[in-house]
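As a starting point, one isolated chain is supplied in structure tokens, in the form predicted on its own.
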């Protein structure tokens, strides 16, 4: 089990957030917790703005980030009570504010692990899809009810979620209201890990601490270069890969880790234990 007492409130401007709790441990991990449990952590404009601020203003020593939701649910999506009648131009700007926050999550300074339980619905699924690793407990369920609400995804879901589960499966979820439980979501690619109920946050923190121990430039390459290479034609992608590999290998942290491995000071990759 993770010792949650090792996390302390982040000082400075992030201590003043009202809808988001920011804490940090001594391993370079910052934990951001959505703090609207009475609303199932539904996303309104104020919470999106705080999330953007917290990600952009993370302390300099943060090397990995965990995002979770307080209470029984990770996030039930857009707070429909916050959805006012907007002009087309206003609707575009509203969607772009979500894009800016979730882009900061995907392409910020540190990798992000999300811990999921209960509802991972609509905008909550879009938020989770922006992270680099998703850990769900067995209570988690994934849905995209926008089709039943007469609206369309607006937080980057149409760009990110098909990369996880494919266009056909996302179309099914939006057109029919299909809901995926945790095990089905794991098989579909919505998440990478499934834990027992209540254990997703501990697992997410464990993974974040492992990530924080990596060479920072290597983490940066995975976050920023890998998804862009995947979108390139193969020839261009291979050239960018060569550049990124050379840059990473030239970093002093990488050289030291290779020396450690050659001198048998680093662990080898082993076959996983059978459960």
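Residue numbers count along the first chain shown, from 1. The structure presented is a predicted model; accordingly, all values stated were derived computationally and were not measured.
What comes next is about the form predicted in complex with a small molecule, which does not appear here.
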**Answer range among 161-169, 190-198, 107-115, 68-76 for contact with the small molecule, defined in the predicted complex as heavy atoms within 4.5 Å** = 68-76
**Fill in**
In this chain shown alone, the residue from 101, 131, 173, 121 with a heavy atom within 4.5 Å of the small molecule in the predicted complex is 121
**Asked** Is every one of 38, 146 and 155 in contact with the small molecule in the predicted complex, taking contact as a heavy atom within 4.5 Å?
**Response** yes
**Message:** I'd like to check something about residue 81: if you look in the predicted complex, is any of its heavy atoms closer than or equal to 4.5 Å to a heavy atom of the small molecule?
**Reply:** yes
**Request:** Tell me, yes or no, whether residue 126 is in contact with the small molecule in the predicted complex, where a contact means a heavy atom of each within 4.5 Å.
**Result:** yes
**Prompt:** Is residue 92 close enough to the small molecule in the predicted complex to count, meaning some heavy atom within 4.5 Å?
**Reply:** no
**Asked** Going by a heavy atom distance of 4.5 Å, is residue 151 a contact of the small molecule in the predicted complex?
**Response** yes
